[in-house]
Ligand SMILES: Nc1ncnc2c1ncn2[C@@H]1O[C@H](COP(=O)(O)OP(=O)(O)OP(=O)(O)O)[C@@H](O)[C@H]1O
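Just one chain is shown here, as structure tokens, and it is the form predicted on its own.
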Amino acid sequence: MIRVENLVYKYDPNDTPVLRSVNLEIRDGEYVALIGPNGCGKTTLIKHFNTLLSPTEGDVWIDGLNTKDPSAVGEIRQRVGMIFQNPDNQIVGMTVEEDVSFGPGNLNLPPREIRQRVDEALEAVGLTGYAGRSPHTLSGGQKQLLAIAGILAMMPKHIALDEPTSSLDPAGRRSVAAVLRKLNKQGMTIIHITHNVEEIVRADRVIVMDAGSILLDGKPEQVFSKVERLKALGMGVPQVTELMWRLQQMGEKVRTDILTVDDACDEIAALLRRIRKAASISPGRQARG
């Protein structure tokens, strides 16, 4: 698992801490979404997961390896893959195949194993048949899938993604989201930073950060039901959750821990049944029914 213990981080010794005594455990195979306002420390936190940053205070453990241990850096970086916002910054090959083979090639693996890893990674992200293409001919969504394939070829246990769909069109976002769900179902740990809350309603956990600390940590329906608290941070909630919250603000007795259209339809149907029943008992409410 990934374990964070009393993590404090300052970019400069004289600066205010960007992370303030963060404690966190992420279990193998979890899909964890990390949200919060800009500047709250999300990116700084995940950069500790593959030793891009080292704690000012506290410890980060990756499968029992301490990120402060210089001898563990290589192993940790193989275990935790990182995907950033702009895929162009992670593409290094002249062709799709060359780009995906770059990482495993640096591990001095036999050519047959590199070939197998490349083929499996491209298949996993749906880019089989693109091996000979130049990366610059791909769409934004395909480039992000290529970046994911390059990480998959390193065979990590965990992948941390920093707003991987923020610059993509809806089709690209759907493609990336589908690949992340598939990888998670296969047992890979996903840590996903995003501002698009619709992408993470199926996550196992949602963690909300602000000012370098963790404010909320729970299942999506638990976290997103805190509508007023999230709005105070400038955060959004899924559209159906917003709808149920607005109905509740109007005085209707409905749940706000709802994330899907189907569940919202069931809740609204139950509300209408209650209204009709009340109207039949009290004629004064007939107009409302």
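Values in this document were obtained by computation on a predicted structure and should not be read as measured data. Don't overthink the numbering: it's just position in the shown sequence, from 1.
There is another form of this protein, the form predicted together with the named molecule, and it is not shown here; the text below is about that form.
Comment: 35 to 43 is the region of 35 to 43, 240 to 248, 258 to 266, 220 to 228 lying near the named molecule in the predicted complex, near meaning a non-hydrogen atom within 4.5 Å. Among the residues 98, 120, 163, 198, the one placing a heavy atom within 4.5 Å of the named molecule in the predicted complex is 163. Put simply, residue 18 is close to the named molecule in the predicted complex: some heavy atom of it is within 4.5 Å. Annotation for 95 to 115: no interface residues with the named molecule in the predicted complex [heavy atom within 4.5 Å].
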